[in-house]
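Okay, so here's just one chain, in structure tokens, the form predicted on its own.
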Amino acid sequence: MADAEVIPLGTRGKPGRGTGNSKPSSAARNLAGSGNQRRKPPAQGRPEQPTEQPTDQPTDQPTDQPTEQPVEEPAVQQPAAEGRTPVPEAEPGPVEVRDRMPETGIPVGDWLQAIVSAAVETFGDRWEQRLAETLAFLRRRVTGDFDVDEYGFDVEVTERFLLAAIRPLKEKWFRIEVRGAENIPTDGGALVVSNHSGTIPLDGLMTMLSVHDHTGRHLRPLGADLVFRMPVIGELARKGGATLACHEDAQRMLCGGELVGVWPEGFKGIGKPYSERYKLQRFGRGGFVSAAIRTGVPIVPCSVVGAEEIYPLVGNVPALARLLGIPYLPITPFFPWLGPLGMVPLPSKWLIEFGEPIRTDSYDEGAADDPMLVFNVTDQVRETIQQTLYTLLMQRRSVFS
């Protein structure tokens, strides 16, 4: 190969910059070639083959001279993106149905089937009926087509929501066993008198639910005025059938044939320390007995075992309680040390027993104004509940079973 003039680097593509001449040299013109086509460099270790191919080859060429075959140049492929393997392009062909992209998303039919399966799993086979009842309930609420009594008692809200919400707590958590439900009158007015305990008055709610589940009647509780001063709680208490603990409301309910519940111990019962559990506090001045004698309704004593252990009261902060306007501020082994978790009640085993009714219709007119008679009947009811508590404690195997 003829010697070529070396062009130094850095000419920036302009002819003659390397040699100082304004025109390109003959070597540069030979390198450029005709038509500005770039010449391919020879392979390493092999001499450059001439570009011209002989046209006439003799047939009697010696075998020791190999015939030069044209070399196919490989197809130039575009550089692949970093991290990807180059894929050769496929020849375009007719697009078939299977080559199209599948539709994204879940079909509507699958969504409906999943919703129906979830409804059956959650609400049972009667989910359609329950859904229709719920929609009808919402329609009545929107249109105002529902009834409440003069005390604000809403039967539908109580049965569908309030009692239904606490029923799993009664059946699964406390596993309440009810005895003597046949002693509750099936109709007419009656006064249910029960002991009170538990730091938080869950025993009243469980008694209401137990009475409804075993007799179908609603127990109308008499609550302290603090309950109705509390936001949200007071409104729910009214809708659940509660009313203020006063002689007038109690007598009107009893005269109207309602089943009324009273807890004479009040805050002294639910706020007593754990060391005094199942020891009844004073029953007040016997106002509930006076109301029962005036209306001539029977008194049904009720004894609850198990509520004392749900929140064992080991301390109190009276100064802070007075500042907050509440009767007591409880301290338990878990509250306030564990925060909200300390408010979860312990799963104690409950026993609720309704005793034989104490009749009051045999007393003379005006007997309700006799303080000694009222005191004797009050003491009789208190002793009946206390003795029943001792009996149930002996029958219960342990606190949690």
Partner chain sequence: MGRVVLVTGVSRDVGGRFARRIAADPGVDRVIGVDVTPPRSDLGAVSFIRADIRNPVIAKVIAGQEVDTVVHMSVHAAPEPGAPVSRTTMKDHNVIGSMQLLAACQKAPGLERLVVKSSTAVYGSTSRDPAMFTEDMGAKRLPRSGYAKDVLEVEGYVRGFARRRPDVAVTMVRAANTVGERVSTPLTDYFRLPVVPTVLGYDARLQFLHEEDLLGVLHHATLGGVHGTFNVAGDGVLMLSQAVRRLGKPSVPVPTFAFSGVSNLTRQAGVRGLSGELTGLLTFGRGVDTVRMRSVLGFEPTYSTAAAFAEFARSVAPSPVPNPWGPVRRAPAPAAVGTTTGDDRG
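Numbering follows the first chain given and starts at 1. None of the values given here were measured: they were computed from a predicted structure.
Although not depicted, the form predicted in complex with the partner chain is the subject of the following passage.
Quiz item: At the 4.5 Å heavy atom threshold, is Gly152 in contact with the partner chain in the model of the complex?
Solution: Flag for Gly152 set to yes.
Quiz item: Though only this chain appears here, would Lys172 touch the partner chain in the model of the complex if you measure heavy atom gaps against 4.5 Å?
Solution: Lys172 lies outside the contact set for the partner chain.
Self-check item: Heavy atom of Thr143 within 4.5 Å of the partner chain in the model of the complex
Solution: Heavy-atom contact with the partner chain at 4.5 Å: present for Thr143.
Quiz item: Within a 4.5 Å heavy atom cut-off, is Asp147 in contact with the partner chain in the model of the complex?
Solution: Contact with the partner chain, yes.
Exercise. Would you kindly say which of Leu244, Ala119, Ile326, Ala136 lies with a heavy atom within 4.5 Å of the partner chain in the model of the complex?
Key: Looking at the other structure, the residue within range turns out to be Leu244.
Quiz item: Which of Ile115, Val232, Val108, Ala319 has a heavy atom within 4.5 Å of the partner chain in the model of the complex?
Solution: Only one option qualifies, and that one is Val232.
Quiz item: Has each of Asp379, Arg382 and Tyr390 got a heavy atom lying within 4.5 angstroms of the partner chain in the model of the complex?
Solution: Per the other structure, none of Asp379, Arg382 and Tyr390 touch the partner chain.
Self-check item: Per-stretch contact check against the partner chain in the model of the complex, the hit in 180-188, 224-232, 205-213, 160-168 (non-hydrogen atom, 4.5 angstroms)
Solution: It is 224-232 that comes within 4.5 Å of the partner.
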